[in-house]
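Read the single chain below, which is given as structure tokens and is the form predicted on its own.
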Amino acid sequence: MTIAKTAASGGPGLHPEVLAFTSSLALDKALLTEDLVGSIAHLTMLSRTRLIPSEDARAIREQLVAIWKGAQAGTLVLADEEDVHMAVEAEITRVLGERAGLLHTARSRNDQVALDLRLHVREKVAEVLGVLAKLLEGLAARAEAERETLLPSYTHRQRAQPISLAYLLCGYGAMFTRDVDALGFVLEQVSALPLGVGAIGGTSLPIDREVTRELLRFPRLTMNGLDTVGDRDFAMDFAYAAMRSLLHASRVATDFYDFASPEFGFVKLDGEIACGSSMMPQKRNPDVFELIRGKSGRAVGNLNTLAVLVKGLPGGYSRDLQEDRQVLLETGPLLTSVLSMLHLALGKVHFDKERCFAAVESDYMQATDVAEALAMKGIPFRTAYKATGALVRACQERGLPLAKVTLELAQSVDPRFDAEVLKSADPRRAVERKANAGGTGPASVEKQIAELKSHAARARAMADAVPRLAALFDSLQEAAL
């Protein structure tokens, strides 16, 4: 006879097919660590409030620790219950008999799973922050090494203005700094302890939620039990943050997918990340970047699944919420693996500096800088814009890059062009001239690199501040009962 069945109210056990249909055990075995940590904290609170005898609490804790160790050793076999919560209780019951039932005093699976999911999200956010810190550090270090490498920037996927590779890398990093902020918001959303609200309306037993909160190191308690057991906002916040970060990774991957093509030819992929073709021996395919881009779609689907799941549910808990498990459990590992692979792959791409510079020098991307140099002489920008446009057309007719324009040709278009203005047609000068904050100038790029390093350090500090499950378990198994 399994535990969580209608037998509790005198009815028969569940039909085997109903049990198979309703069970979440196959998925939420992944929450075993979270469940054991939460259970030991709850048990400690029950003992300290004298709701259960300390001797019984000690015996139950020993079994919870034994389950943990069995899981670590790979020897644990859980009973075929509806979920991991009841499977753990069944295992303790197998050893301790009726005394095992003391563990569920003043607790419902509703607030139990709410705790497990919050502990899971908190743990995974800490892991992701560590990976983001590495990615930001890698981008900053590569930017420092690529200050002098010039290449085109793009709007509408057409060459726009010359930039340094350092500036491009800082642009990527800026996206990921926002992901650090988004994950910080997720941590705030999971910082309220749900355990203690019971099934929906609390308990008449004299528990002390503050004891549990302190043991599990949550900053605050949830406000209302009815809301708590039905709340999956924190899950959607995590799924959204993950989706957004993976969309950022996808955009970076698409750039390198293009850059590695013969049409661009800006980068060569290291043999460690370039994949071949089963039929065409000459191929060096950017599969890693394609898969980074492809996997981002799963994150979009995960967020959509959670949103549709919650839409239309009444207040309180409904069993529909069990369907959050698959997408939520996938989110952390998906995000961590993609960001880790992006970090690895970016370290294995080699830019062809000469080809990149040739793409800049042979085109007309400095036109804006020439127009602005004219504007600096007091000419209205729109007038300068038109004059420079005419100069570009004259160069195009002659097959002459803007960087190679002569003073004679320029003055034949408009006599207000002079040698000083034409210096801005030099690609390196064009990059250096944009000294404003956020621009391509050297001082601005140095500041951007420093900001990436700062955000990386902040991500590490945020990750280090998260109470980790293994450390919580170590402290709880020695806590006074």
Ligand code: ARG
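Start at 1 with the first residue shown and count on from there. Everything numeric in this text was worked out from a predicted model, so none of it was measured.
The next section is about a form of this same protein that is not shown, the form predicted together with arginine (ARG).
Let me know the one among R393, R94, R319, H350 whose heavy atoms come within 4.5 Å of arginine (ARG) in the model of the complex, would you?
The residue in contact is R319.
Could you spot which one of R109, R159, R99, R298 gets a heavy atom to within 4.5 Å of arginine (ARG) in the model of the complex?
Result of the distance check: R109.
Looking at 365 to 373, 143 to 151, 77 to 85, 178 to 186, which one sits within 4.5 Å of arginine (ARG) in the model of the complex if you count heavy atoms only?
Stretch 77 to 85 is the one.
For the three residues D237, A241 and T331, which mark the spot I'm curious about, does each lie within 4.5 Å of arginine (ARG) in the model of the complex through at least one heavy atom?
Per the other structure, none of D237, A241 and T331 touch arginine (ARG).
Even though arginine (ARG) is not shown here, does R213 get within 4.5 Å of it in the model of the complex, heavy atoms only?
Output for R213 is no: heavy atoms all beyond 4.5 Å of arginine (ARG).
Look up in the model of the complex whether K124 has a non-hydrogen atom within 4.5 angstroms of arginine (ARG), and give yes or no.
Although arginine (ARG) is absent here, K124 would stay clear of it in the model of the complex, with no heavy atoms inside 4.5 Å.
In the model of the complex, is there a heavy atom of arginine (ARG) that lies within 4.5 Å of any heavy atom of L402, even though the partner is absent here?
No.
Interface membership of D35, arginine (ARG) in the model of the complex, 4.5 Å heavy atom rule
Judged by the heavy-atom cut-off of 4.5 Å, D35 is well away from arginine (ARG) in the model of the complex.
Pull the contact list for 21 to 50: residues with a heavy atom within 4.5 Å of arginine (ARG) in the model of the complex, in sequence order.
Contacts from 21 to 50: S24, D28.
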